[in-house]
Structure formats: structure tokens, C-alpha cells
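In the form predicted on its own, a lone chain appears below as C-alpha cells.
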């Protein structure tokens, strides 16, 4: 078995533990839905994989917000065991419809497959706010549905990360992209952002493959790519979980430090690698606030009944210098 960094091991252990809990629990709600309180709306937060630190941070931020605004709304927070468990996420939305939630704030695991059940929620009179991963425009049009998207410009964020990487390379250098799940709009946008930066810098993409957002999958993909393309100078990962897998693969191949790595999400485990120089850059889309932005929009919509409109949220470049507090 390959050696991993201590940060990687801790994160992998956390992911395994969380996944195990969700498997034993049948991936259903972690707690009973609060009883309806007259005049007090219930907001359901439906996330992707809680084995991913990003969504744990999102959940913690949402719970802290509800605690601070306990008189304003009740919160039901749920997630799925891994990024590919789309059917379970559909089931969670069905549960929220059955429990007559007033609003659903959803980070869809699949940009297309969750549209029909969210349309069903809308038809049941439930406000639906799309966060993190945007629903597919063509599927929305075909279903004659519209949900406001509250989230960052993933393409812009990924380009900023790619631009930071390009400053460390020269024209003609070979790079590889580790994409997110191909059915996720944010994964596609991050790939496009990386490609924008690579093209502008005159770098050469020799491979672009999906790591499906997962650490172990990215580890396997990068390990194979290092053998297939020994002259690669950098790995651009569409999230930080995959960046952890890339770092582990490069360490095992004896190439850590020779091949640069960038990610996206600014999870705690990657912050440690940024400080050590094992990851060059990532993007912070403020996981602790992302669900809160959606919840606040949902509460506003419940009051005003205004027509839905998208809202862009912040995304910031993070490097070893910025995470260490250096100028």
C-alpha cells in the first residue's frame, strides 16, 4: 500500500468513518424532522456526500446559522454516503416533500437527474433553491422548470487556480486534469476554467480524466498517468478530495515536489498541504456560508414570493502564502 501524508490519512479515516455511519443508518435523515411550528418555516438542506469535508463544513455552517436564528426557522439537514448515490438523494427530496417542508435548499449530486423530483417539490408548493452545483439548463427548459441558483462561478474560480499554476510553468509544459463527475455542472465548469488558463499559458493537456470527486479514485488515476506520461509537470484537480489522492500518488511515485498539484474547495486537509508546499493553490467558495446563502434566499422567497433569480456568491484564490498569512 502506498504511503500517504498524515493529513491525507486523517482525511481518509474521517471519510471512512462518516461513510460507515451513513451505511449503517441507511443514508436516511440523521435526526427526526422537527415538528411543524405555526408561523415558523422548515427548511430542508439536501447535500451531496458527507464523506467529503466540504459538505460537513457546509452542514456545520447551516446548523450554526439556524442556531443563531432559531426563532426564524427550523432546519432539516441530510446528505448521501458518496457523490454517486444519486438515487438516495432523489429519495431524500421525496421525503422532504412527504414531510411538507416549506423550502428545500439542494446541492444536487447530478445536474440532470434531480430536476424531476425538484419540479415535483415545486408543484407541491415548496420553494426550491439550487446551490453549489447548478441544474442543467437544457433539462430545466425541457421540464419547464426554473430554480434560482445560488453559488459561485466555478469556471472563473478554476481559471484563477489555473492562472496561479501557470506562473510556475513554461509554455509547452505537459499537464493533466482530474475532472469531477461528468454529470455535474460544477465539475464541467471547473474543467473549462482549467482549460482556459492552460490555453492562455500555452501549456499542453496530455490527459483529462474523471476522478468522480473521490480521493481513492483520483489516486488510482494519477498513479496510472504518472507511468503513462512521465514528463507531466502538473495535476489540476477539480476538488481538494481528489488533490489529496493526487498528492498521495505522486509521493508513492517519488514525484512529489517535481509535479505541481492544484485543487478546488479549500478544505482543512489541503490547507496543511498548502503550507507545506505540496499543493500549490486551491479555490475557496466558502463552504461554511454556501448553504447559508441558499437558506437566506429561501427565507426571503417565502416572505416575498418574488420571481426566482440567480445569485453569484464569492470564490477566492488560496495559495500557500495566503493560508499562512504571508503578504
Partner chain sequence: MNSFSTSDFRRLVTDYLGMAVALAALITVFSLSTEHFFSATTFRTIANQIPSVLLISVGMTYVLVIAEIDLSVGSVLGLCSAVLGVALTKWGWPLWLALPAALGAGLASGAFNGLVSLRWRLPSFIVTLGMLEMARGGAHAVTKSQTQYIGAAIEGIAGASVFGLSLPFLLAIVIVVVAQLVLSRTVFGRYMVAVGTNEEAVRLSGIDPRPIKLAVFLITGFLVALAAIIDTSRFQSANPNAGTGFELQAIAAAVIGGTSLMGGRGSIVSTFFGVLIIAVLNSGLAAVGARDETKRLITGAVIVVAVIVDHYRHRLAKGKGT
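Note that this is a predicted model, so its numbers are computed, not measured. Positions refer to the first chain, counted from 1.
The form predicted together with the partner chain exists for this protein as well; it is not shown, and the discussion that follows is about that form.
The candidate stretches are 67-75, 119-127, 99-107, 237-245, and the one lying within 4.5 Å of the partner chain in the predicted bound form by heavy atoms is 237-245.
With the partner removed from view, the residue among 223, 201, 86, 164 that has a non-hydrogen atom within 4.5 Å of the partner chain in the predicted bound form turns out to be 223. Screening 112, 233, 155, 251 for any heavy atom within 4.5 Å of the partner chain in the predicted bound form leaves a single hit, 251. In the predicted bound form, every residue of the candidate spot (56, 207 and 269) has a heavy atom lying within 4.5 Å of the partner chain.
Among residues of the shown chain, residue 212 is one whose heavy atoms approach the partner chain to within 4.5 Å in the predicted bound form.
In the predicted bound form, residue 40 stays away from the partner chain, with no heavy atom inside 4.5 Å.
In the predicted bound form, at least one heavy atom of residue 219 sits within 4.5 Å of the partner chain. Interface membership of residue 62, defined by any non-hydrogen atom within 4.5 Å of the partner chain in the predicted bound form, is ruled out.
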